[in-house]
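Before any questions on how it binds or moves, here is one chain, the form predicted alone, in structure tokens.
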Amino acid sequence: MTAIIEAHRISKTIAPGGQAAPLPILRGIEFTAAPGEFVSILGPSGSGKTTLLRCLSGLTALTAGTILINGQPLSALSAKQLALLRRTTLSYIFQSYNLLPALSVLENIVLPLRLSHHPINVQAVQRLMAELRFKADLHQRPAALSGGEQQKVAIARALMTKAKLIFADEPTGALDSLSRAIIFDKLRALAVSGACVVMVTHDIAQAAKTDRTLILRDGRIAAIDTRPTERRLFEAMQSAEQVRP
């Protein structure tokens, strides 16, 4: 099947400033994923997982390499074209929620639809939030919500767009076990329906239920498991967390 996203030898380096040497975050990563795939990314803290996700989605510029979405290089797109791509093709679930404080829960959820001039179905939003076990009022603002409830709003915003490519950065980190299972099932259903889901997680049990798992270490792909199990992923994570001499 034709890949929806391709990354060829992508690298990201940051300059801390002062006399400090440039710091490599990603080092020559190769990655492809197709519609209908659910890919998880594991790795120790600081291994580059979130940076990789942000680069793949075009939120963070590369230092080197090429990323293509539907065969189109992101580097060739203008800021306006990138914004359109994010409204029509991909969604991003932020670990930090990234909600607009001046907007209500409902307004935050439907904002991408409004920007894309798509019809707003408030009843569909209400049904989705009920399925996500969201307990607060849809007219409240994010500051009045717990971290877990804010995370559900961020997830609902991505789900409502029905994007073909979903990037999820620790989407269940602030949730209880039942809510985590519900969200994971929603993401799995998107992949089954033909979307591509790329998820950063620390949850080995969830990663073991995805189609493929990448293990990152020091900005490189240390291992790829195409039939992940909890035992193999646990062993791979132990290996990745070992301090090199």
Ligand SMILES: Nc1ncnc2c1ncn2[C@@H]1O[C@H](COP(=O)(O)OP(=O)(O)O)[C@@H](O)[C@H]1O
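Note that this is a predicted model, so its numbers are computed, not measured. A residue's number is simply how far along the shown sequence it sits, counting from 1.
What follows is about the form predicted in complex with this ligand, which we do not show.
The partner is absent here, but in the model of the complex a heavy atom of 47, alone among 57, 210, 179, 47, sits within 4.5 Å of this ligand.
Among the residues 237, 25, 221, 10, the one placing a heavy atom within 4.5 Å of this ligand in the model of the complex is 25. Not displayed here, this ligand is kept clear of residue 206 by more than 4.5 Å at the level of heavy atoms in the model of the complex. Under a 4.5 angstroms non-hydrogen atom cutoff, this ligand in the model of the complex has residue 51 among its neighbouring residues.
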